[in-house]
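There is one chain below, alone, in structure tokens, taken in the form predicted on its own.
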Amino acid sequence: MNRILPVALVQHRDRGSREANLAHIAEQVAGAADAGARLVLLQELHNGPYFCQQEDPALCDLAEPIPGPSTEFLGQLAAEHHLVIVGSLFERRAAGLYHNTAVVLDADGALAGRYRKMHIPDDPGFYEKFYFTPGDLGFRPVDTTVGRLGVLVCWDQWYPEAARLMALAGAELLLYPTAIGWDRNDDGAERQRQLAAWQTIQRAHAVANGMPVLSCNRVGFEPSALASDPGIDFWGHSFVCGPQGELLAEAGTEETLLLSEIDLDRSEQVRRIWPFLRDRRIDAYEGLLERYLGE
């Protein structure tokens, strides 16, 4: 019998406060449970605005410990609805030491594990290095009642090495809480190129590793506090794809509770006909440990 996993992705705009965002998430998780979902993926830093558009030490007050208030809230939701929730939080590890951290709450409400974002961007509008220390937990999947989850975060999605290491550690699917969007100065053609690249790279991770991918992105315009910055139009387009990169479900640019089903046993069949893990030349990849092989 195939192992069919019903999943849900909560794509939404910032509602202006932690309380309002969590209330919306609670409603969406309840709707996902009513629809039969057993796994819910939330977007990156879902408790509030994407604050990394500026560098402001006072915004570090948004960080919280893990375990802490948000993991308790999400754990209660998970236990109430008997499903697994993957969330995304601004973690306060110690004074002046913070991480961008994904958390996994199992169906009994327990904190099953966490992943600290490894790749930290530093670009106009995305000043994450000011806030986040690179992760130190490695690329280790989290075991849950619905399977072994390879959880990564946003900028990690551009790196095939991260997806591969999760696959080699036994992940059964990859999940990406995400916050990505367009600069309002970008024209329509540039926006389409960026969106296509974002989807293509993640679907390629599914193909290269023979496993499903879930990517949940923010949506809506969020202004910047900097007069010189036009803000970000988060483009949504959350999606679920199968182990051959086939799209199973895709959202648009509006708030959405995206529902889909994943056949976890298909990965076994796909890997038998496309045995990329078998044919890897691990004896010839030492160059991957170098920053650059040119002069």
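What you see is a predicted model; the values in this text were computed from it and never measured. Counting begins at 1, following the sequence as shown.
As for the form predicted together with a further copy of the same chain, it is not shown, yet the points below apply to it.
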item: Exercise: Trp155 in contact with a further copy of the same chain in the predicted bound form, heavy atom 4.5 Å; value: yes
item: Gly147 within 4.5 Å of a further copy of the same chain in the predicted bound form, heavy atoms; value: no
item: Partner proximity in the predicted bound form: Tyr127 to a further copy of the same chain, non-hydrogen atom cutoff 4.5 Å; value: no
item: 4.5 Å heavy atom contact, Gly287 and a further copy of the same chain in the predicted bound form; value: yes
item: Contact residue in the predicted bound form, chosen from Arg203, Arg92, Arg114, His81 - any heavy atom within 4.5 Å of a further copy of the same chain; value: Arg203
item: Contact stretch among 213-221, 102-110, 188-196, 83-91 - heavy atom within 4.5 Å of a further copy of the same chain in the predicted bound form; value: 188-196
item: Contact set, 112-128 vs a further copy of the same chain in the predicted bound form - heavy atom within 4.5 angstroms; value: Met118, His119, Ile120, Pro121, Asp122, Asp123
